[in-house]
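Read the single chain below, which is given as structure tokens and is the form predicted alone.
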Amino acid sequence: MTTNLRIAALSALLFAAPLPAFAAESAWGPGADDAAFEAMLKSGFREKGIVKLDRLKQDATQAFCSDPIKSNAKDAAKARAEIEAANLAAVKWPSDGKFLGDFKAGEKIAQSGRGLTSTDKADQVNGGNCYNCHQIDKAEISYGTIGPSLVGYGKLKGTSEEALKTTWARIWNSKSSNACSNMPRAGHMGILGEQQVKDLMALLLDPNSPVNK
């Protein structure tokens, strides 16, 4: 059976299948169907290990960016600016005032994708999974391209106070500069700790890091 025939057969099965009672009453959309959609989410997911159902709860930023009506509205630019300002205000700066850690430790964090799954333990250290979206070190042959290349980042940005704060804010809470960024809010969401963010900062900005060689 060709791919097109498989798709057609699957579509026929989907449309022929009886719809749940809540879907038959009205079309999906804001308002009346919100409760039914929430019920579907709760019935379709279950907690396991460290993964809890509270991950399904959206904050204001997530709710805005996942709603195409709001994010594409005429006043979306104003709303985005307000969201970015709120997320920037929530950034926690280095407690000791030092932005740079160990770039060698930062490389290990960037390489690691461990954490946040049901098979992980609560006391395990999460990774940054940075190479999943970025090229960072030219010597690394496996990397994603969803985000921009960060090779030579420190050479380009320097280590001025502005560069340090801009980079820290982006790693800690990416929504502080792009309301609907695909980049995880590493510090804000508790994925990475302060020292881990410092080490990633060093990876990007330390002149001796392979990123800047």
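Numbering starts at 1 and runs along the sequence shown. We call the rigid core the largest set of C-alpha positions that still match within 1.5 Å between the two forms. Because the structure is predicted, anything quoted here is derived from the model rather than measured.
The same protein has a further form, the form predicted in complex with ligand HEC, not shown here; the description that follows concerns it.
In the predicted complex, ligand HEC lies within 4.5 Å of some heavy atom of N129. In the predicted complex, ligand HEC sits within 4.5 Å of a heavy atom belonging to I146. The closest heavy atom approach of Y153 to ligand HEC in the predicted complex falls within 4.5 Å. Residue contact with ligand HEC in the predicted complex: C65 places no heavy atom within 4.5 Å of it.
Residue-level contacts in the predicted complex: of V91, C133, A86, A105, one residue has a heavy atom within 4.5 Å of ligand HEC, and it is C133. Look at 35-43, 165-173, 65-73, 48-56: in the predicted complex, residues with non-hydrogen atoms within 4.5 angstroms of ligand HEC sit in 165-173. Interface residues of 187-213, taken as those with a heavy atom within 4.5 Å of ligand HEC in the predicted complex (partner not displayed): L192, L200, L204, in sequence order.
After superposition on the rigid core, the Cα atom of S95 is displaced by less than 2 Å between this form and the one not shown. Here S142 does not count as shifted, since its C-alpha moves by less than 2 Å between this form and the one not shown after the core is aligned.
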